[in-house]
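First, one chain by itself: the form predicted alone, in structure tokens.
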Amino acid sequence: MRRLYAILVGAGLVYMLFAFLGTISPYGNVNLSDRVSAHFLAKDVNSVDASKWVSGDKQIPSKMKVFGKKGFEDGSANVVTSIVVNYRSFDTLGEVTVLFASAVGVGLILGGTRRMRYGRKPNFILRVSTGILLPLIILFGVYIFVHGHLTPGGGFPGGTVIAAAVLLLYLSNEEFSLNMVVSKSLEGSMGSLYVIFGLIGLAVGGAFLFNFLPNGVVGSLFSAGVVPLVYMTIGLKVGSELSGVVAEIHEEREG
């Protein structure tokens, strides 16, 4: 009977999902000129006729970013980055603060408790594969937040990948222990640096995290002004914070 109820509930949720999508945004029948994304791409809050540049007419608005060109107000090739770091930069600071509060909460709750280790040696294959994959995982995490202004990614996913590498170290080696002094120092310094970038933008352009550096050529690594610096800062901060959470969970302490 429980399986029957589960099937009925699941079918109902799937029906509601497709009905909602079909009502709000029917596939293949969306007028992009009515979407707010057109204004983000054109960097214009006034009326934007998106049909002129999405229908293949190549009538690109003067403010719209073009790959391989320079001189734009926003040099990020990744549109999501433009929204998160430029339009919602102060919100991003709030998200980092929430993550910091969560890490502090984990430390306060788990600190002073005694936690048992796994009680058995890690698998040989896990230990060997960790030694091979660990540099690649860390490199991939760094790549994600260094190229966040060019491709999908950014500071949060990149930092999470680095923390996953630390978790893998704990799982493959019971003797491993994260240097909490280095982790906390990196976390605090990167958080302070993020605020400093924001205050410099506020002083230069009158807005928090205002882009005060040249944007360069759209699509190149050294482009988008201050955005790559911000993403690297967030990536290191998130990576150190989540690594600290992993360490708090795994470290054995005397109560």
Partner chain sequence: MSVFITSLVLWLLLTKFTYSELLAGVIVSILVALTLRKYHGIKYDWKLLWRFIYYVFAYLPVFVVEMIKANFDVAARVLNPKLPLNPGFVEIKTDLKGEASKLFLANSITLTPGTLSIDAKGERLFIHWIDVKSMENKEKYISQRFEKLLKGVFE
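Note that the structure is predicted; figures quoted are calculated from it, not measured. Numbering follows the first chain given and starts at 1.
Form predicted together with the partner chain: not shown, discussed below.
**Student:** Using heavy atoms only and a 4.5 Å cut-off, determine which of 80, 180, 110, 146 is in contact with the partner chain in the predicted bound form.
**Tutor:** By the 4.5 Å heavy-atom cutoff, the listed residue in contact is 146.
**Student:** Name the single residue among 142, 96, 103, 84 that comes within 4.5 Å of the partner chain in the predicted bound form, judging by heavy atoms.
**Tutor:** Of the candidates 142, 96, 103, 84, 142 is the one lying within 4.5 Å of the partner chain in the predicted bound form.
**Student:** So which residues in 123 to 146, when you check the partner chain in the predicted bound form, have a heavy atom no farther than 4.5 Å from it?
**Tutor:** Residues within 4.5 Å: 123, 124, 125, 127, 128, 129, 131, 132, 134, 135, 136, 138, 139, 140, 142, 143, 146.
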